[in-house]
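For reference, the chain that follows is the form predicted alone, supplied as structure tokens.
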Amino acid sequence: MSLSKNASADGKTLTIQIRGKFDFNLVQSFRQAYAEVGEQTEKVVIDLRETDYMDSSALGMLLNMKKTLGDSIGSIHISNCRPQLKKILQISRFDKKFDID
């Protein structure tokens, strides 16, 4: 399980990619990944392409990120969800709070 982040060349998009399990073990590194989001950042993308597990603490981390970033970010996208993760997000009604694709 690991987490990596990178910003687009223009600094407008921050991508956080999670590999393996998205669970409580990532709390600190996930928080640090978006802690330094600057004013130029318009969009945050959470890339779950290589994520095979997500628990309730991951849902909490996503909500905390949204609360922390507030209106300073135009949008937060959760992308490349595997079907089972997308189902968890939809059951939890995260599709009302985040753009999921």
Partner chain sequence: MRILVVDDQPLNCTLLKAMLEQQSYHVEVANDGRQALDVLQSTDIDIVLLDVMMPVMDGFEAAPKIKQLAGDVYLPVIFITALEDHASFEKCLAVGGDDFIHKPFDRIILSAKIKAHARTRKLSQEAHLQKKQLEYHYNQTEREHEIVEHIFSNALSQQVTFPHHCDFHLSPASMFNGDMFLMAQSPMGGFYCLLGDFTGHGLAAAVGALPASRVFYTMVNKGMAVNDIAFELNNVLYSLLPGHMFCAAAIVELSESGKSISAWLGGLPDCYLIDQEGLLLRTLESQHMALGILDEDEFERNLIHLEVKPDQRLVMATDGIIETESQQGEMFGEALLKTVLSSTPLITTSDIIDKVHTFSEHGEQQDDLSIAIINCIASEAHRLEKPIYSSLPFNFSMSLNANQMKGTDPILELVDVLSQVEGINEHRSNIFLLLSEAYNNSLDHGVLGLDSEIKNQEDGFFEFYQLRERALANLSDALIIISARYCPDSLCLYFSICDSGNGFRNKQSSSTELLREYGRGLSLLTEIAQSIKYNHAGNEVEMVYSLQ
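Numbering follows the first chain given and starts at 1. What you see is a predicted model; the values in this text were computed from it and never measured.
There is another form of this protein, the form predicted in complex with its partner chain, and it is not shown here; the text below is about that form.
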item	value
Whether A7, D55 and C81 all lie within 4.5 angstroms of its partner chain in the predicted bound form by heavy atom	yes
Contact of D95 with its partner chain in the predicted bound form (heavy atom, 4.5 Å)	no
Any non-hydrogen atom of N64 within 4.5 angstroms of its partner chain in the predicted bound form	yes
4.5 Å heavy atom contact, Q28 and its partner chain in the predicted bound form	yes
4.5 Å heavy atom contact, E36 to its partner chain in the predicted bound form	no
